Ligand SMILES: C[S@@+](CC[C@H](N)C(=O)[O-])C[C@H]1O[C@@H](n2cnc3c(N)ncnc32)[C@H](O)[C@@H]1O
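Here you get one chain, nothing else, as structure tokens; it is the form predicted on its own.
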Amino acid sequence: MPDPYQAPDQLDPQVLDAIVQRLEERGENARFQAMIAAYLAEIPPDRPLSVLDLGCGTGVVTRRLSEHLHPEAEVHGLDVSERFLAEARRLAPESRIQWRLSSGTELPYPDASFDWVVLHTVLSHLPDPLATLREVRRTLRAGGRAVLFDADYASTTFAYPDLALMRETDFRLLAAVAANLDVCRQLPRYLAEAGLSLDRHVGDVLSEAGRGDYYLSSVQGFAKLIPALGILSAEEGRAWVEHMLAAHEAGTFFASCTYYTFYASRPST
């Protein structure tokens, strides 16, 4: 089953709308915003840099980049989905952001185009993360930097009464929506093979106990994705969604995932 984020425009429109809604709802969560703010603070706003948001989706991060950067900076947003980009343009109609559609592994930019490249929850969905990182290196200027923020989906869990069923369901759900569940664990190797230097990394656990907020929209999104993608049987899917919603209302909900931010650079020589 292919990762739906690899060709989102081929999905049923209702499913695609659910993904668009999830991207924006996730971007409004205070704890998620704090992780974004932490890595944006590393990008200097005092000079006109050229920055690419690679895999920009609906522009959650791109819009914040535009607000953060120098008034004369160049801000680019690239994605594989025309539907995502249409939403991005709708949400930022007067912005200076240069939106671009590209479905290939090769980035449609000349060598040494950017001072910074941001990849926000992108590598976990790509068919060939290493090939993309090599393109990131090519399009970065000497000494340029990359921010790679992603989820360790292999760590994601939604509490379920039966431990074995919980582990199986977690895997089936996350494997259906992320091609590379453990990409964060592979990134040090991928970066080295791509010719990028790993400068440092930061880990953040985003968990909720009692009631859900951030993860509740994931549950609601899965309610549409499960039948559309055949992730679980109709009975299994209905039982899982009903349990999560009931646990939220009862104050017994639990879900967690570890996110990582990697800072890398293209060597100056």
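Position 1 is the first residue in the sequence shown; the rest follow in order. Just so it is clear, the structure is predicted and the values come from calculations on it, not from any experiment.
Although it is not shown, the form predicted together with the named molecule is what the next lines describe.
Taking non-hydrogen atoms only, V80 approaches the named molecule to within 4.5 angstroms in the model of the complex.
Using a 4.5 Å cutoff between non-hydrogen atoms, L23 counts as a contact of the named molecule in the model of the complex. At least one heavy atom of C56 is located within 4.5 Å of the named molecule in the model of the complex.
The named molecule is not shown here, and in the model of the complex it never comes within 4.5 Å of any heavy atom of I43. Taking the partner from elsewhere, every residue among T105, T121 and L126 has a non-hydrogen atom within 4.5 angstroms of the named molecule in the model of the complex. Looking at 23-31, 210-218, 224-232, 237-245, the stretch with residues near the named molecule in the model of the complex, meaning non-hydrogen atoms within 4.5 angstroms, turns out to be 23-31. This chain is displayed alone, yet in the model of the complex one of M35, V60, L206, L49 has a heavy atom within 4.5 Å of the named molecule; that residue is V60.
Residues of 173-188 that come within 4.5 Å of the named molecule in the model of the complex, judged by any heavy atom, do not exist; none qualify.
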